[in-house]
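As structure tokens, one chain now follows by itself in the form predicted on its own.
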């Protein structure tokens, strides 16, 4: 069992704080993804767990054992980097077994573990090839195989797919997901790509400026973002966010989006918004629905001219303007739409998100 626990973990570079007082428990067999923009502290956190970066404060436990003072080789974790770090003069088989050879593992055991990794990753036909004879995806599979042979307590992935093209990234995401299902061990994975995070993770941590902004399952962080940053970072395209004003007249509360666009609040929304004046309102693109007929009278409805049309095959993205703000509507089962066409759009009020104007935190 390989639980990883971080207690009040911090890292400073001079006056710059990269990771701030992080408390986290990662249970055995969980696929945890750290995601966030460049410089948010996610890779630094991973490197501290691996022992490649000294910590400034706090404690790290692996299997209930404090590892702060242990060398990387003694922590029984394996790290997979984005640049593969394969030995160019060695074959695939030699690369896979080299760390075991250095550790003076018996040759019979090395062969057994290498064969196991080759079988898991489908490298049978590549055993004798050198890294220069492999594609990017094949090299990354070898890098993962080199981690597998060590039979670590936890796998650490530091943006392993960032050097691959879009098609290979999709294929390798599937490979990594299958790997986790086969090995049933703890994986801590760092990426700046929120699509990778959503498709791979059991649990996601969204980071910003060294802090954890939100922790939850992919569905939780997508459907219930804790603040504006998470709402716009998770989801593609990002959630539409724009300013709105709360108009409260004789307990009749309306939401004003612009001078010509007012919406009635639901009873639940009235309770949340009755003491607010100005807010941020968030609507995901798929929840702004163009309709031709069958208008739902319980939905918010408005008309807008289309500014830009982006056909994507199974869907079309429509760009419209509300209160001088560009808004994206995602149209499934698309039909022909031209720039300048006036369409009726509907929004289910229950799908709308509200955020405090000052703190940018979700209004719950």
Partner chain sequence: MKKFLNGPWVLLLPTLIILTCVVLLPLLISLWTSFTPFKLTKPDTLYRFVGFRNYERLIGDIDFWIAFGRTVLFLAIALNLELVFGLGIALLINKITYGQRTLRTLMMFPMMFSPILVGFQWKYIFNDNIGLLNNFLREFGVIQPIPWLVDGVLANISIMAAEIWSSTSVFAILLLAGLLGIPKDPLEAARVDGCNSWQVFKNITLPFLMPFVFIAMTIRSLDVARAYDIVQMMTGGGPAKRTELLWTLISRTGYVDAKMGMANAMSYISIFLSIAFTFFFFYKLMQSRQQLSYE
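Residue numbers count along the first chain shown, from 1. No experiment lies behind these values; they were computed from the predicted model shown. The term rigid core refers to the most C-alpha atoms you can superpose between the two forms while keeping them within 1.5 Å.
Form predicted together with the partner chain: not shown, discussed below.
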| Segment assignment from 49 to 57, 27 to 35, 321 to 329, 335 to 343: heavy atom within 4.5 Å of the partner chain in the model of the complex | 49 to 57
| field | Partner proximity in the model of the complex: residue 128 to the partner chain, non-hydrogen atom cutoff 4.5 Å | value | no
| Is residue 262 a contact residue for the partner chain in the model of the complex, using a 4.5 Å heavy atom cut-off? | no
| the partner chain contact at residue 278 in the model of the complex, heavy atom, 4.5 Å | no
| query | Is residue 77 one of the residues lying within 4.5 Å of the partner chain in the model of the complex, judged by heavy atom distances? | reply | yes
| said: Can you work out which of 106, 167, 89, 184 has a heavy atom no more than 4.5 Å from the partner chain in the model of the complex? | reply: 89
| said: Only one of 173, 139, 208, 150 gets a heavy atom within 4.5 Å of the partner chain in the model of the complex. Which one? | reply: 150
| request: Just give me the residues of 173 to 205, first to last, that have a heavy atom within 4.5 Å of the partner chain in the model of the complex. | output: none
| Core-superposed C-alpha of residue 129 shifting 2 Å or more between the shown form and the other one | yes
